[in-house]
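For reference, the chain that follows is the form predicted on its own, supplied as structure tokens.
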Amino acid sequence: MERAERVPQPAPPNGRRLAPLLSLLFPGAGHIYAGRQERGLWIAVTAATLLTLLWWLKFWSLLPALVPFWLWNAWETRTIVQGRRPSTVKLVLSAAIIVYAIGWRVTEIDVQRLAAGAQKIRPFVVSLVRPYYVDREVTYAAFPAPVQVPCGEEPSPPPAGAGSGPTIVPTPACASVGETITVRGEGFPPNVEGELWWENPIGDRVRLRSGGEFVTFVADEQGTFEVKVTVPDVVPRQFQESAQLHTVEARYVRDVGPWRLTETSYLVAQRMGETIAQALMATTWGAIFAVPLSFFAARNLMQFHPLALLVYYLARTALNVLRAIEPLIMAIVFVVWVGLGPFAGVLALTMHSIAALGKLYSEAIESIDPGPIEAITATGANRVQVVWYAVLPQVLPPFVAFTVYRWDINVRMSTIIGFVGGGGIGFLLQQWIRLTDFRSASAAIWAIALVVTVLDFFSRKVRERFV
């Protein structure tokens, strides 16, 4: 028989006025006075918790957000003393206002900063539509000229004169870091566009910039150009005390060959294959260890004896602990243990796969039909025979589906594991992002998306077939 729901009874006239006033003084007090002790206690604990959070975080400016909850609590008390049912949903929503206000402040959500920083992500977004899979082979023509940095006691190198081919002449021929020199070019092909580079005494080269933009030149109809450049701060420390010869170089594209696959394409294909292999090995080893563990973690198979029930609780605890540790943390541990590389990633994914698959397998075992188990047990079969003939035929299809789905998950996880040295495509992706090589990074991202999409389609087909 169902328990009849208690209908609130109207309070006496004095209680109708006093109860709301008590709730205004402190939430929940009026509920307790009106006979709704459990509800009043929950409201009082909620109010105390919210006030404690505001005090601990020193978010005094959020106190107004607590007003709706405070007022609704008093209004609800008035409803109760009048003999009507209170609205729990409205009370929860009024409390949610302050909870979300605290969450907004703690997480430092700033929509203005989101909009202001959109320009910073523009190069990466643009690179996503131009992944560096193919490129054309380009041959450059380069024409250098010496520059003394800084000016020393020895005379500066004489400027090169115009010869039969293109030449450049820096004026003056010596300067200090940060000073401006004029680079004049002669004998270049008419209307050709090019770049200016700088090389220091130890062979380090940088492309010259001015105002944050790369310095370029365009030759006129006579093949001459003139641009001003600033001597960059690329002087090695051991050469800063004396004058050294640097080189300014003018380059232009001499020839453009056919389209070809870039080195990035080969690296992405190689590391993507490594990522898939990582996921495959981790899923296989995870399934091998998870299958026997899942039978010990299935309550319907382990409640025949108190000792077996203890084994069940131990197995469940082990699965929960392993599943609670993120693969990224496990990868850091194994990188320290076995060093950088895909082996550390495989170990991390295997440990997490054992926990995840063990839980899924055990729940599949617990949901099987007990009829075949009872029938085979009645014939006198032992525990192994019961599992082999009554349990395995029922759980094999979901086991296969869960395993394939786990492989799909491990491919995605192995990408993140690579960020901490676990090998795979993630390691390359992290390096390219750090070097701001966004076109190469976008090539890796599109490869990951393609492989995950294909594996997701494959795993879905397998699940549809077996489940």
Partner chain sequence: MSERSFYVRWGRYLLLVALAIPLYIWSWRTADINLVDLIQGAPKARPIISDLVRPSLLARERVTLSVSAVVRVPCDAPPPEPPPAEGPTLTLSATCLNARDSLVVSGSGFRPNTPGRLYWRVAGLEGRLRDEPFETDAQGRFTVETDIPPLLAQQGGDHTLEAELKWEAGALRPSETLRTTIDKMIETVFLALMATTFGGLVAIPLSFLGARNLMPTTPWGTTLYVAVRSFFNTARSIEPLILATIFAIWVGFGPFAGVLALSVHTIASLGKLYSEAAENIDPGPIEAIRSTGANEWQVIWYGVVPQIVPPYVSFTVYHWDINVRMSTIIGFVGGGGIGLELQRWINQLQWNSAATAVWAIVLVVSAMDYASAIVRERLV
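Numbering follows the first chain given and starts at 1. Superpose the two forms; the largest set of C-alphas matching within 1.5 Å is the rigid core. As the structure is a computational prediction, the values presented were derived from the model and not from experiment.
Here the subject shifts to the form predicted in complex with its partner chain, a form of this protein not shown in this document.
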property: Answer range among 251 to 259, 301 to 309, 385 to 393, 137 to 145 for contact with its partner chain, defined in the model of the complex as heavy atoms within 4.5 Å; result: 385 to 393
property: Non-hydrogen atom contact Phe419 with its partner chain in the model of the complex at 4.5 angstroms; result: yes
property: Its partner chain contact in the model of the complex: Pro342, any heavy atom under 4.5 Å; result: yes
property: Interface membership of Leu347, its partner chain in the model of the complex, 4.5 Å heavy atom rule; result: yes
property: Its partner chain contact at Leu429 in the model of the complex, heavy atom, 4.5 Å; result: yes
property: Partner-contacting position among Leu71, Val126, Leu314, Ile329 - heavy atom within 4.5 Å of its partner chain in the model of the complex; result: Ile329
property: One residue of Pro172, Pro370, Pro189, Gly117 in contact with its partner chain, assessed in the model of the complex (non-hydrogen atom, 4.5 angstroms); result: Gly117
property: Stretch 432 to 455 - residues with a heavy atom within 4.5 Å of its partner chain in the model of the complex; result: Ile433, Phe438, Ile445, Trp446, Ile448, Ala449, Val452, Thr453
property: After fitting the core, Val400 CA displacement of 2 Å or more between this form and the one not shown; result: no
property: Core fit, then Thr49 C-alpha moves 2 Å or more between this form and the one not shown; result: yes
property: Large Cα move at Ala375 between this form and the one not shown, threshold 2 Å, rigid core; result: yes
